[in-house]
Structure formats: C-alpha cells, structure tokens
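Heads up, what comes next is one protein chain in two forms, each shown on its own as structure tokens, labelled structure 1 and structure 2.
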Structure 1
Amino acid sequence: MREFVQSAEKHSDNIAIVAHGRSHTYEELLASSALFASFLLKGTNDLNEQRVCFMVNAGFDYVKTQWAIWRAGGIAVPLCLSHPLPSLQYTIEDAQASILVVSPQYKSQLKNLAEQQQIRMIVLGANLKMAEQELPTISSDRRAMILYTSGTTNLPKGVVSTHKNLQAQVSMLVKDWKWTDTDSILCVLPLHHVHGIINVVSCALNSGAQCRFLQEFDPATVFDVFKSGDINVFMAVPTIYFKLITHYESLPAHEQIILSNAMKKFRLMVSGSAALPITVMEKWKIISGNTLLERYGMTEIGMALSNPYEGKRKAGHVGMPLPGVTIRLADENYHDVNKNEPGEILVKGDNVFQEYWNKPDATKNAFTQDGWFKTGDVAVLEDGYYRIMGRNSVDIIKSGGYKISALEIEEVLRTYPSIKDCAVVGLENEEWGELVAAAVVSNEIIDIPTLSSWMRERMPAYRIPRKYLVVEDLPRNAMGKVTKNDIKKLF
C-alpha cells in the first residue's frame, strides 16, 4: 500500500479515475480513502487483518473502499456483483468477515445476512459522518487481500495475498509493459479477480495513470470510448475480444474505418485469463492494427509469463517469465522434464500467494516440498516461449475467462429432485473458451428450462450449464470412475 500512496502523492493533480461521468484526482482518492479508513477503524488503532467484504460498483467508490481497507490494516475481500445470495453468503462466511461495505443497491440483498451474522454493514453514500484519525503503518508481510477461486475441490478457496505479493504482482507488470503516468486504460472486467484488480486498476494507479470504468461490458460502449481517443491501453479476456470482433463485423464500413483508425493509436492491448484462439488474435490484428500481447497468470500468482512488450509476440504462446518470477516445468514426481517435453508449470517468486484462507492442508498440497507452487497447468518450452497445453484436471473449466469447478456444479445438480447422478464437462468453444455442459442421469423427463432457472437461483450465470444431455448411465472406466472425455464425446 505504501507504494500506492507514494505514487498517488507524487501525482496528486493527475486524474486517477473516471467513472459515472465524473473525474477524480489522486489527491481526492488519497483524502477520501484516508477518511473512509478512519471510519472503518472507528476509534481503534488498526483493523489487524479483519476481513472486510465489499460489494461496491466499479469506479471511485470501489477503489476508495479497497484503499481504505488496506490503509486501516484490514484484508480486502471483494464480492462478485452478479453472484446470487448463496454464493455471496459462502464467501462472507468463509472469510469470517466482520465488516461489509456495500453500494446502496446491494443493501437489501445483504441486510438480513449481515444482521444474522452480526456483521457491521456500511452502506456507501448514506451520509456517513467521518472524522480523520491517524492511520496505522502496515508492514508489507501482512495479509492484504482474499480472492475466491474455484479449483479441484468442490467449493471455492480464499487465496490470501500479502501486500508484498500484490506489490510484486503490480511492479513486474508496470516495468515489463512500460506503464507511465501518461497512460489511460479502460476497465470492463469484474473487480473480484486478479485480471481487473491487479493488471488493470492497480497497475494504472501505481503509475499515476488514469483508469476509466464501465459498469459492465458492452461492445458498443467500449467502441465509443475507443473512438473518443481518451485511452491508449486495453486488457481483456479472449471472450471479450471475440464479442468485440463480432460487433465490429456488424458495423457499416465507414464506422469500421473510424474505429480501426482510433484503435491503431493504442500503445498496448493485452489478452489473458484463458487461451487466446489464434483466429481471434489474427482478426483483431486486422481490425485494430494491434498484435495482442498474450500472457499467463493465476489468482494464486498474479502474472507469471508474458509475451514481450518489444519483440515478437507469438500466437498460441504465452511468452517468458516476468521479472522476479522463476518457472520450472516438472513431471509427476516434480523433477524437471527434459528439453522440449511438456511438464506442469511450477512457480516461485514474491508474486506467489501466502496461503488458502483457513485451509492449511490445501495450502500444503499446493506447494512442492521445496516451495514451488504447483499451478496444475501443463506447458512446453519452444524456442524460448512457453506454450500452454492444458490442465492436469478435467474438473476445471475456463469459460468467459472465469475458472469454474465442475465438481461444484455437480454437487448442486445432484440436489435437484429427479437427478440421480451427473457429470459436468467443458466443451471447446471459440466464443467462451469452454462451454459448461452437464450429462444428467434420470428416469424421469426433465424440463430443461425449469432446471436452468432452478440453477440460476443457486449459481452465477457463468457457471450454469448451457447444454444438457439426459442419459441412462454415465460412462465409467474399470475402476468405476466417470470418464469425462467420453462424456465430452456424447455431446
């Protein structure tokens, strides 16, 4: 946090944030976050790593809240704005939050929960009376943030990063991608994941640059901002580039020319969170004049590999280690693989997270005995560039850039009255990366729209199966284990 404050002080007159039609300087951000930190502290000296969950719309209030939590010594736990109550409740309870900060529109959704759990609820903008007090000094080894991520367990785990981890994640990108205080980026990504929080917002705000926010992704609005000439950096997941290309192709020729000319002026356009299809990279190059820089990262490590800022950006590859990151490719016994052979990506560096919240066994299992973080992703090194080949687990699905646990969806599906068993898989899909699909075992006729709406009450939209198949039984191997690759073939 210290580096954020120092940079903000240095750039106090610069515009930090543009959102909801208003601009906010770094000076305003410093003053508001200090005041709100005091409000959080409520006369105490230090939040001492209390978890503060916050469900706040993208923009000034979001960053003010995040900085205030950090400056008051709390752990920031951002909530997903589109999650239904059961998912929010899981996060709030698992994190053992003692404070909940919300934008006014989320108050009714979370009020009862906060009361039941005796959590202090703060509704932003509700004429909060604040008086500034002295703020604690926060050492960099303290916990700063918990982000929830799905994995090979059926429920999401809280990834705990310290201030030092976050600073390492930010600094390496600022350096490698040559951020400066003249940059301006547009944020369309959700702010409960590393991509939006670190790569977009924190890198900009650590550089004295400007961050513009849209409340949600919408291709036409994104293109309007592109045309305005107000931004020169953009970062998104492959699905977003796919959707932008589709929209571009629907525009009349004269509109396309204006847009293409505007995009040619960008300094940097980045893709990540999922594999960038070569077709998308090529089409984007034609329409925008920009060769997308593809990089590889994970909630537990921030970014690890990146195509070069200067130098050849290779399609289908994720480049080389970022400054401060050490990478090893290993076999199943965690020995180095031979040259040109695929292996699991293992990572070391200050960027690597501290622990899974309250899950010592999961934390232990995530590292080798000599401290390498096991990503579960398999890659091969080709001519100095890493290429991601897949994942160790079929139970992890990437759709729209979101990591999804097949097991978590199966667990919920099995509680549907007429479903006896099920198996969830990810089907390859150019737009979404993978599309969530479920084979369900039932003797009864299942009305899919009814099942779908039932699922929507329990899971966020991006986790809902988009294809169903009712089967008499699931294919299994000799050990009785469901063979998911056979299920994929059934679709």
Structure 2
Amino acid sequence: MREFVQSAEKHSDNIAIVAHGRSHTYEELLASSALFASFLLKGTNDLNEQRVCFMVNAGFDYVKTQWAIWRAGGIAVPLCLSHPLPSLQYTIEDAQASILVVSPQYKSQLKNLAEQQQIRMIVLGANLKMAEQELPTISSDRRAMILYTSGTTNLPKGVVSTHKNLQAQVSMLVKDWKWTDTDSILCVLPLHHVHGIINVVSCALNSGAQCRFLQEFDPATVFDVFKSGDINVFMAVPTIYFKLITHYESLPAHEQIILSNAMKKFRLMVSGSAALPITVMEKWKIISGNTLLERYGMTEIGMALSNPYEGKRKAGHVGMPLPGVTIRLADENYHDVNKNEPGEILVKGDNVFQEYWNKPDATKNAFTQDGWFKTGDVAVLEDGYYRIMGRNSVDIIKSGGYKISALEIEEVLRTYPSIKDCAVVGLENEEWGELVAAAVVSNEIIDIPTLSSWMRERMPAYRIPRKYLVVEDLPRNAMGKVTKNDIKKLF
C-alpha cells in the first residue's frame, strides 16, 4: 500500500478516477480513503488483518473503500455484484468477515445476513460521522486481499495475497507494459477478479494514470468512449472483444471508419482471462489497427507470462515470463519435460500468493516439495513463446492413449463458416477413456457429416469430435470464461 500512497502523493493534482460523470484527483482519493480508514478503525489502532468484505459499485467509492481497508490494516475481500445471496453468504462466512461495506442498493440484500452473523455493516452514502485519526504502518508481509476462485469443481477457495505479492504483480506489469502518468484506461471488467483489480485499476493508480469506469458493459457506450479520444489503453476478455466486433460490423461504413481511426491511436490493447481465439485476434487487428497483447495469469499468481510490448506478438501464444517470474514445464512427477514437449506450468516469484484461506492441506498440495506453485495449466515452449494447451482437468482430453488439446480443436472449428463459437470437452467413455465432443454456437442448421469431413481434412482422425451439440450460447462465468463442466452436462 505504501507504494500506492507515495505515487498518489507524487501525482496529487492528476485525475485518478472518472466515474458517474465526475472526476476525482489523487489528492481527493488520498484524503477520502484516509478518512474512511479512520471510520473503519473506529478508535482502534489497527484492524490487524480483520477481513472486510465489500460489495461496492465500480468507481470512486470502490477504490476509496479498497484503499481504506488496506490503510487501516485490514484484508480486502471484494464481493461479486452479480452473485446470488447463497454465494455471497459463502464468501462472507468463509472469510470470517467482521465488517461489511455496501453500496446503498445492496443493503436490503445483505442486511439480515449481517445481523445474523453480527457483522458491522456500513452503507456508503449514509450520514457517516468520521474523524480522521493516525493510521497504522503496514508492513509488506501482511495479508492484503482474499479473492475467491471460481470453484468450477469444488467450493471456491480464498486466495490470500500479501501487500508484497500485490506490489510485485503490479510493478512487473507497469514496467513491462510501459505504464506512465499520461495513460488513461477504461475499466469494463468486474472488480472481484485479478484482471480488473490488478491489471487495470491498480496498474493505472500505481502509475499516476487515469482510470475511467463504466457501470456495465455496453458496446455502443464503449465505442463512444473510444471515439472521444480520452483513453489510450484498453483491457478485456475475449468475449468482450467478440461482442465489440459484432457491434462494429453492424455499424454504417462511415461510422466504422471514424471508430477505426480512433482505435489506431491506442498504445496498448490487452486480452486475457480466457484463451483468445486467433480469429478474434485477426478481426480485431483489421478493425482497430492493434495486435492484441495476450498474456497468461491466474488468481494465485497475478500475471506470469506476456507477449512483448515491443516486439512480435505471436497469435495463439502467451509470450514469455514477466520480470521477476520464473517458469518451468513439468511432467506428472514434476520433473522438467524435454524440449518441445508439453508440461504443466510451475511458477516461482514474489507474485505468487501466500496461502488458501484456512485451507492448509489445499495450500500444501498447491506447491511442489521445493516450492513451485502448480498452476494446473499445460503449455509447450515454441521458439521462445509459451503456448497454452489448456487446463489439465478440462482442456487436456485423454482419448485412446493420446493427450489432446481441446483449445487446438476449438481454433479449427471456429474457422468453419457457420460456427460462431464453440467449446470442446472430453466425455467419459469406457472404450476411449474420454470421447472428444464439441458444443457449437450457430444460427444455421449444421450438417454434421459435412462438418466431420471438413474437420478430417484439417486434423488427425483421433482429434476429430465424435459428438456434436448445436447450442444458442455457451455457459460462462462472470469473467466470460466458458464453464466446461456445464458443457459436459449438456451432453
């Protein structure tokens, strides 16, 4: 937190946040977060790592609350705005929160739970009487944040990061992606996830740059902001880029030209949180003039790999290790794989999280005996660039003795004329171990034998899906990532 405060003091007159039609300077952010930190402390000297859950709308209030929790010595636990009450209750109870901060519209949703759990509830915008007090000195080894993983196979786990972890995650991106205090970024991502919190908001505010917020994603509004010329950096998930492309293609030619000219002035556009289809990358380059920078990371490590800011960005690849990150590819016994062979990504560095909250066994199992974090993702190193083949559990299909990358099959399927999107999974099968199956999104009737023949011309027979299912859309989580266990259920 110290680095954020120092940078804010250095850039006190700069605009830090633009939201709800208002602009807020770094000086205002420092003052408001200090005052709210005092309110959280309530006369005590230090929150001493009390967990503070907060369900706050994107914008100035969100950042003020986050910074106040850190400055008061608490652990910030952001809640997903779209989660139903049972999911919110699980997070609040698992984190053992003692304080709950909410925007006014979430008060009724959480009021009874707070009373039942005897949690101090603070509603922003209410008449909060605050007197500023001296704030504690926070050491870098203290816990700073708990983010809950998506929990596609088990109940979500709380990923605990220290202030040192967060600063490492931010500083490596600021350095590698050339952030400066003249940058301005638009945030359209949810703020209970590392992508929005670290890559967008924290990198901007650690650089003295400006962060603009939209309350909800809308392609037309995003493009209006692009045309204004007020931003020069943009980060999103592949689903968002897909929706922006679809909206762009619906516009009249003269509007497309205006928009394309505006986007060519951006210095950086990034994609992450899910595999970027090559077709989306190529289309986006045509309409925006920008080659999307694809990177690789996860809740437990922030970012670990990135295509270069300057230099070749390789389609279908996530680049090379970021500064301060060490990567190994290992086999099932955690021995290094041979050159050009796929292996599980193992990570070391100050960016790696400290622990899973109150889950010592899960924490121990997440690391090798010599301290490497086991990501569960499989990759191969090709000409200095890492290519993600998928997650061990859902994207690597073991069929007939072969290890098959679902992502590679998806890339080919997406080039079929009438397929808009797809997801490939492995279905349990006595004969093959797993059977390759594909759910495809299309508005047209697809002749499966014709599609199978088309695939056989492009891939070995053992990779060809044996089952197809045509669907209107693919199930996704809050970050737009396809939930493949839900795909399996469709079959």
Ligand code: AMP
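Please note that residue numbering is based on structure 1, beginning with 1 at the start of its sequence. Here, rigid core means the biggest group of C-alpha atoms that superpose within 1.5 Å across both forms. This structure is a prediction, so every number in the text was calculated from the model and none was measured.
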Subject >> Number assigned to the form predicted on its own in this pair >> reply: 2
Subject >> Rigid-part membership shared by Glu249 and Ile419 between structures 1 and 2 >> reply: no
**OP:** May I ask you to give the angle in ° that the smaller rigid part rotates through, relative to the larger, between structures 1 and 2?
**Re:** 146
Original post:
Once you lay the two forms on top of each other by their rigid core, how far has the C-alpha of Ile448 moved between structures 1 and 2, in Å?
Top reply: 24.8
Original post:
If the rigid core is lined up, how many Å does the C-alpha atom of Val425 shift between structures 1 and 2?
Top reply: 6.4
